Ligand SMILES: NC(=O)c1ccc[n+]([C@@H]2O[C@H](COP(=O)([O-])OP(=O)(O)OC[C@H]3O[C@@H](n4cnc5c(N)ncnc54)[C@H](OP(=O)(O)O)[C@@H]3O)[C@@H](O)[C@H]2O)c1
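Below you will find one chain, with nothing else, as structure tokens; this is the form predicted on its own, and questions on how it binds or moves follow later.
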């Protein structure tokens, strides 16, 4: 049955894909953006657009509420924005927010699923994400705030510089590979990584629109089917770029000293944590079916970097 879907951030990489897939599925989609995004991301033809801020109560009450959405989607949520959406759009039966599997690390079991502990802070988990997710799930328990949380792994695909092996998204890493320069790396080849293709992530949101009752108060891990090692990830990038770069093992301190752009030690430490997850719940409940492996998503991302002149 067609539903009314309100997508905040509809001109962004993920929000645009969500809006496109919901519209293609036959739902009536209204996108919300703070302005005109000049970056070519997704074709939003046929999608009505509103311009304003989700942090503006007047905009939410006077412009968004009259749309009477059945589903409200925010791919870049915050506690403040989520509370405002709940306050001014209470007629909606579902609120879909994007979270992250970064809340689960370090993993105690492999593969981890949604039952893995995550509320306690650790030296490497995304504590802001944990606080936000706890807030929304607690509101579900207390006042039946009909929230659904989607936890993607590392997102990969077109319109995004892919994860590098310095713990960030530094195009300089891949430029070194392309130009056959030596690449300093902290030994990490055994570490598992599991990426999710951006269109696949968007498809989970779109599929959930068709399961309004089954998803309230639930969390879904979204990714590709299986993890690979960072060695395999690196070799996929090297093969695509025809790289003959020498890999130079270094300590974390030496890497930060050698590469000025490696500023955030937390990012490097996070890279060294295994990312290996079970997506079975999303498959069972949503019919989620990822179309890309980590390697395929990496190749798509690097091809986009080459086509746009970033690489």
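Residue numbers count along the first chain shown, from 1. Worth saying up front: this structure is predicted, and the values here are computed from it rather than measured.
What follows is about the form predicted together with the named molecule, which we do not show.
Quick one: does residue 245 come within 4.5 Å of the named molecule in the model of the complex, counting heavy atoms only? The answer is no: residue 245 has no heavy atom within 4.5 Å of the named molecule.
Under a 4.5 Å heavy atom criterion, is residue 35 part of the interface with the named molecule in the model of the complex? Contact with the named molecule, yes.
Residue contact check: residue 167 to the named molecule in the model of the complex, 4.5 Å heavy atom: It does not: once the named molecule is placed as it appears in the model of the complex, residue 167 has no heavy atom within 4.5 Å of it.
With the partner left out here, check for me: in the model of the complex, does some heavy atom of residue 153 sit within 4.5 Å of the named molecule? Flag for residue 153 set to yes.
So, 30, 73 and 93: all three within 4.5 Å of the named molecule in the model of the complex by heavy atoms, or not? Contact check failed for every one of 30, 73 and 93.
Only one of 148, 203, 99, 125 gets a heavy atom within 4.5 Å of the named molecule in the model of the complex. Which one? Contact residue from the list: 99.
Please pick out the stretch from 229-237, 175-183, 74-82, 137-145 that is in contact with the named molecule in the model of the complex, where contact means heavy atoms within 4.5 Å. Looking at the partner contacts, the answer comes out as 74-82.
Suppose contact means any heavy atom within 4.5 Å; which members of 1-24 contact the named molecule in the model of the complex? Read in sequence order, the residues that approach the named molecule (within 4.5 Å, in the model of the complex) are 9, 10, 11, 12, 13, 14, 15.
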